[in-house]
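So this first bit is one chain, no partners, the form predicted alone, shown in structure tokens.
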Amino acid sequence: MKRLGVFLQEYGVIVALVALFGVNLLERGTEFLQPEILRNMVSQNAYTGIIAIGMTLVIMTGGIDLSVGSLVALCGAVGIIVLNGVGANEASTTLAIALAGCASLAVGTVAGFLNGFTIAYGRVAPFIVTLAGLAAFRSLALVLGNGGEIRSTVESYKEIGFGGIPIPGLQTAVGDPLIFYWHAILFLLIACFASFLLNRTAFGRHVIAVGANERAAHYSAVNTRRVKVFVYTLTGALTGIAAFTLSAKQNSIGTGSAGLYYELDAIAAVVIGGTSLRGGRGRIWGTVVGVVLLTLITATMTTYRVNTNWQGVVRGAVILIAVLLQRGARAND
């Protein structure tokens, strides 16, 4: 039983992914293996996946960030306002889109820094600080959009959302080249970078040390405050990137609905992937698999025509099981 508990804690997310994949394959046959469907499994939740990468590092330090969903709306709103403002002056479309991306990234970075600085130097609990951000960032977005939607006036903006790299030799069901979207590519590249950062650098070891025992890390000459500020700043920056790609895909941003529950999906992916909510232990690849697993759960419920209102119950159950597996593994240590 001890070995089984440890195995499920380490590789349970892969077991669940393979099992759900097999269930869909048995029900839908070879249709489920179409390249377009497999591509969508990676790209559908790539926006929350980008955020979840940063959330992994935050949770590994023993923190939490509840503000990312609202920050998506704020970053997207500022980005489109800048886009429309520059585009209205007949500037280069490329320049307008680049400035929109920079604005979205800057807002996310600043907001993340404020979260991290307040937590690290103000000594306020992460839950309280980011809960305040959840309310404040959404409110600012609503003010910018007058409580409604902000639409892009630059026609080529949506090409960022639907653009990407054609996969050689693969086509969609209608014969068009199969495009691997930019936001999915960013998701995987950011995951690779974060994995390198966590596993191959001194900073990664400091993140683990802070989450495992902050006092001991401090006495070991680790600048624990700087580590906290960095992980929250990085999460804010990644949220800005996610907001930019999301607003490009939709060619707009709904200030009241954009990013809604993204924080819960990101936390779910992190926990399902095996990162401990107590901090000190986690893995980026597990978060990536967790993001894909959440997509597969939705696809499975759609396959079996489960009422969409039950999706929250199912996701909640999956999170609870993941936490129980972690607790069981700790009890066996």
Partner chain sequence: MSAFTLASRDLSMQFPAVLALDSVSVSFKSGEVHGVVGENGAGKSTLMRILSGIQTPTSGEVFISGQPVRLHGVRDAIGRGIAMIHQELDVVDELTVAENIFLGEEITKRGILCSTKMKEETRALLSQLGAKFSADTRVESLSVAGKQLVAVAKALSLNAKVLIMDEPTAVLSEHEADALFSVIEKLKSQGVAIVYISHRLSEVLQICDRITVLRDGRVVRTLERGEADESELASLMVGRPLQDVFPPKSHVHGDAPVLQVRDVSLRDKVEWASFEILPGEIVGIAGLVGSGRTELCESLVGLRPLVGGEVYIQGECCKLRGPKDAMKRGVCYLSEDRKGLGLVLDMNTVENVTLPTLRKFASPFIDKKREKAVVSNWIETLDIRVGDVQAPTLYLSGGNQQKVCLAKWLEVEPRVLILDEPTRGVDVGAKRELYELIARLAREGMACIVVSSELPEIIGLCHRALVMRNGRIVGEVPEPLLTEEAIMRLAAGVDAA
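Residue numbers count along the first chain shown, from 1. Here the structure is a predicted model, which is why all the values come from computation and not from measurement.
Although not depicted, the form predicted together with its partner chain is the subject of the following passage.
*Asks:* Quick check for you: of 181 to 189, 201 to 209, 242 to 250, 114 to 122, which stretch puts a non-hydrogen atom within 4.5 Å of its partner chain in the predicted complex?
*Replies:* The contacting stretch is 201 to 209.
*Asks:* How about Phe196: is it within 4.5 Å of its partner chain in the predicted complex, going by heavy atoms?
*Replies:* Phe196 belongs to the contact set for its partner chain.
*Asks:* Given that the partner is absent here, does Ala221 sit within 4.5 Å of its partner chain in the predicted complex, heavy atoms only?
*Replies:* Heavy-atom contact with its partner chain at 4.5 Å: present for Ala221.
*Asks:* Check Arg226 for me: does it contact its partner chain in the predicted complex (non-hydrogen atoms, 4.5 angstroms)?
*Replies:* Because a heavy atom of Arg226 falls inside 4.5 Å of its partner chain in the predicted complex, the answer is yes.
*Asks:* Spell out, yes or no, whether the shortest heavy atom distance between Gln171 and its partner chain in the predicted complex is within 4.5 Å.
*Replies:* Heavy-atom contact with its partner chain at 4.5 Å: absent for Gln171.
*Asks:* Going by heavy atom distances of 4.5 angstroms or less, which of Val143, Ala135, Leu95, Ala216 would be at the interface with its partner chain in the predicted complex?
*Replies:* In short, Ala216.
*Asks:* Which of the residues spanning 167 to 190 lie within 4.5 Å of its partner chain in the predicted complex, based on heavy atoms?
*Replies:* Contacts from 167 to 190: none.
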